[in-house]
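One chain is shown next in structure tokens, namely the form predicted on its own.
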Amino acid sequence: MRFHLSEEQLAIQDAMRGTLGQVWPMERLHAFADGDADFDADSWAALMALGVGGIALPEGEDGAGLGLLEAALVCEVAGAACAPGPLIGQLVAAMAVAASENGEAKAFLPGLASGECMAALAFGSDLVACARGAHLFLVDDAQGLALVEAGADVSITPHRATDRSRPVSTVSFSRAPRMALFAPDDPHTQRIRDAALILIAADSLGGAQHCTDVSVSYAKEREQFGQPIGRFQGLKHQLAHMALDVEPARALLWYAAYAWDAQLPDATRAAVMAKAHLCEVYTRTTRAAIAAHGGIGYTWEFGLNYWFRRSIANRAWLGSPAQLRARAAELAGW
């Protein structure tokens, strides 16, 4: 039994960090947030060039043959960078299509793996992230899981969203042809829903860790009364609480992804609990990070607001912590 990441898994995260560090600096994030685009083509192309799109696909399906845990590690780094684009939707859609028997849908797998065909997640809500740039939508409704191709029969209305790094739109699929993947009661449908929850939790973990790291760095550099503010007891305690909030949550995410890959009996409950807890941790950590930076933390230029805004969006996406904990209690028979 392993209790830490392998060298290969660490290398995947290092490659992601290096690429995003080059193509997605704070200046690009500011420019994107002030613009009107749904995704950033350059950063998307750079990530897809790493093979991220097919990381959780079987090797015979244009993929790397890895699992949801590796996909979660990728989303963690993307969350730390507050990267744009429908990465979660891309990964989940690719896994759903690969598991299905729909030949028409499977024809899109090479494009999903390469990133040339972008997929957005349309689960349980009219609001879809990065909808205007998507070629495909993975839909989850009363009819089950289906793939819908963007076109004249899909109506998209953009909105000004809280999360400026992932613009959202209202999308209507009422007249669009559907490529059915799984029925509502098919076990695969629940697995794909669980995968989406886990990847949102991973994005949240990455953002929370980033906010903790930049707060610690700032406390070491910023001086008051002739000494770094990190020496002040009140701030020490605040930073320690942030670290103690974030680090144990990492194991919760890893277990949820492992349980999904191994198809353990408690996989769904683990996914629900991971998403509920990580999203709460993310919101608390972003609030604490802004406070730890003092006045500059509240400024638009400094940028911590992007992570705070994403934490709010992640918290609401596919169910609030309270809703998910009620679901976990139901699964446990409480």
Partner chain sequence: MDLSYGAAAEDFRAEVRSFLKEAWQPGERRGRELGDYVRAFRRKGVDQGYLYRSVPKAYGGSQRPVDVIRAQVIREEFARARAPMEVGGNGVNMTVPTLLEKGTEEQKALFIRKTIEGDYIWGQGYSEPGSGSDLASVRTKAELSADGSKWIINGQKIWTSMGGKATHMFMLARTEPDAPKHEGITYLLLDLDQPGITRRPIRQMTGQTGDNTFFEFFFDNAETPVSWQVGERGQGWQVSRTTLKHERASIGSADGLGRQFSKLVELAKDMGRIGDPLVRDRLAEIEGRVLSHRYSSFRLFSCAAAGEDAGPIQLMMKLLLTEIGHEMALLAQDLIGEAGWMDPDAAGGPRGPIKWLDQIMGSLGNSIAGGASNIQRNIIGERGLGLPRDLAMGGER
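Numbering follows the first chain given and starts at 1. Computed from a prediction, not measured in an experiment: that's the story for all the values here.
This next part talks about the form predicted in complex with its partner chain, which is not shown.
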Within a 4.5 Å heavy atom cut-off, is Ile312 in contact with its partner chain in the predicted bound form? no
Looking at the partner-bound form in the predicted bound form, is Tyr258 within 4.5 Å of its partner chain by any heavy atom? yes
Can you check whether Glu247 is within 4.5 Å of its partner chain in the predicted bound form, heavy atom basis? yes
Just to confirm, Ala107 within 4.5 Å of its partner chain in the predicted bound form by heavy atoms? no
Since the chain is shown here on its own, which stretch among 125-133, 95-103, 164-172, 213-221 would lie within 4.5 Å of its partner chain in the predicted bound form, judged by heavy atoms? 213-221
So, Ala240, Trp254 and Arg284: all three within 4.5 Å of its partner chain in the predicted bound form by heavy atoms, or not? yes
Contacts from 54-72 to its partner chain in the predicted bound form (any heavy atom within 4.5 Å), listed N to C, are Leu69
